Structure formats: structure tokens, C-alpha cells
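In C-alpha cells, the next block holds one chain alone, the form predicted alone.
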Amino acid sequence: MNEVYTGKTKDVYALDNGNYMLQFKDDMTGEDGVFDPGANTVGLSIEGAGKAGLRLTTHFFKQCRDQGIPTHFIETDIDRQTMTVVPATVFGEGLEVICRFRATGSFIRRYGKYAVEGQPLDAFVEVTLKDDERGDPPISRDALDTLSILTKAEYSILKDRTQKIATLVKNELAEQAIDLYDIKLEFGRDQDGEIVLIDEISGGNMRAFKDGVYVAPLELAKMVTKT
């Protein structure tokens, strides 16, 4: 294996057969020891976080596959905390796509003059650039097209798939009376140019609440996967 990328919560290795392997780590984003899925830095490390994130990712990626939603997923090894994936190229230097069902986090920080915490949102989708230096700035559909990062047609596909995936997750969590506030997803193009879901779907990239109380990532994984 050849390490090609060291990330905040995962490392990426190239395999001899042309596929890639993601190594899930116990590091989590946040600041001063407090978890925040929207943060740009590693703020804490919790034993078991990588394995829990991989379990939840495996669970939801398989559901996406069953629903005909294309992803880069091939297989996982929970004990080794690894996921094998097909090659995919990110848009520009990477985008984060957030689907919001309730106002919280950076949405409130930006629009708090007009919105209140927990305000219902109708699967609102926004795209941000992966750019730590500039605080992952939001970017519009027209700007993505103008900068040749994503065409307007691709944006429509991206938005539609984001809402389908987010709604899939939301509906399953609702079966356990868990309320999904928001979720962050990533996409890329596979070798055929298909837009595919990449990265992960874990408690580390969503905010969920039960009876008004935030559900931490490891606890969320246990509740959903029953492990």
C-alpha cells in the first residue's frame, strides 16, 4: 500500500489493484476537546470513534447501494477499521455538501439575524469549499459553474442525491425517535464520470437529537447498528 493522503479523521492508501483503502481514525473534528462536525481542525480523540464511524458508514452505504444511489463503496473490514473504495476524483480541491433539516451550527452563525436555533428547514442544501485557510466558504451554483468546479447540470444531480441520502438517513433515525438536524456529505466523479457519494456517513458528520438532547457519534452508531 502507498499512503496518498493524511486527513483529519481518515488516511487514504492506494492499493495495487487500482482501488483505494480508507483507514478510519479515532480523531474527531472540533475545538478545545468539544466535538463539532463543522470544525476545520481535530479537536479530540475518542477510543472507538473510528470503528463506530465505520460501522455506521457501512450501514448507510449499503442502504444507498440497495436504493440505487451510486457510491465509491466496495467493502469494509470493521476490525481493521478500513473501507475499500473505487477511485473517485473530487470536484476542484474538494466540496462539502450539507443538507439541513433544522437550523444549527454554521447556519445560525451566518444567518442568526433571520433564523433561530432549531428552526425547521426543508432539506436545505448548501455547498462549501474544502478550504481550511478561508474557513470552508459557502459557494453558489453559479460560482461553481463559473469557476469550472461543477457544471449547473452536475449541481442539480449533486443536490438531488444529497437530499435523497439525507432523507434516507433522517427516516431511519426517526424510527428510533431521533431527529436529524443536519448532515455533511462529500461527492466525486468515478472513472466513468458518474457522480458518486464518497467519504463516509457517520455520527461524526451529522447532528442528531433525541428528546431535545444531542446524541454523540459513538452513541448514535450503537443505536442504529445495535452494536
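Note that residue numbering follows the sequence shown and begins at 1. From a predicted model like this one, the values you see are computed outputs, not experimental measurements.
Below: the form predicted in complex with a further copy of the same chain, not depicted.
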{"property": "Candidate site 25, 37 and 69: all three near a further copy of the same chain in the predicted bound form by heavy atom within 4.5 Å", "result": "no"}
{"property": "Heavy atom within 4.5 Å of a further copy of the same chain in the predicted bound form - the one residue of 79, 93, 75, 117 that qualifies", "result": "93"}
{"property": "Residue 87, heavy atom within 4.5 angstroms of a further copy of the same chain in the predicted bound form", "result": "no"}
{"property": "Non-hydrogen atom contact residue 147 with a further copy of the same chain in the predicted bound form at 4.5 angstroms", "result": "yes"}
{"property": "In the predicted bound form, residue 102 touching a further copy of the same chain (heavy atom, 4.5 Å)", "result": "no"}
{"property": "Residue contact check: residue 159 to a further copy of the same chain in the predicted bound form, 4.5 Å heavy atom", "result": "yes"}
{"property": "Within 4.5 Å of a further copy of the same chain in the predicted bound form: residues from 135-149 (heavy atom criterion)", "result": "137, 138, 139, 140, 142, 143, 146, 147, 149"}
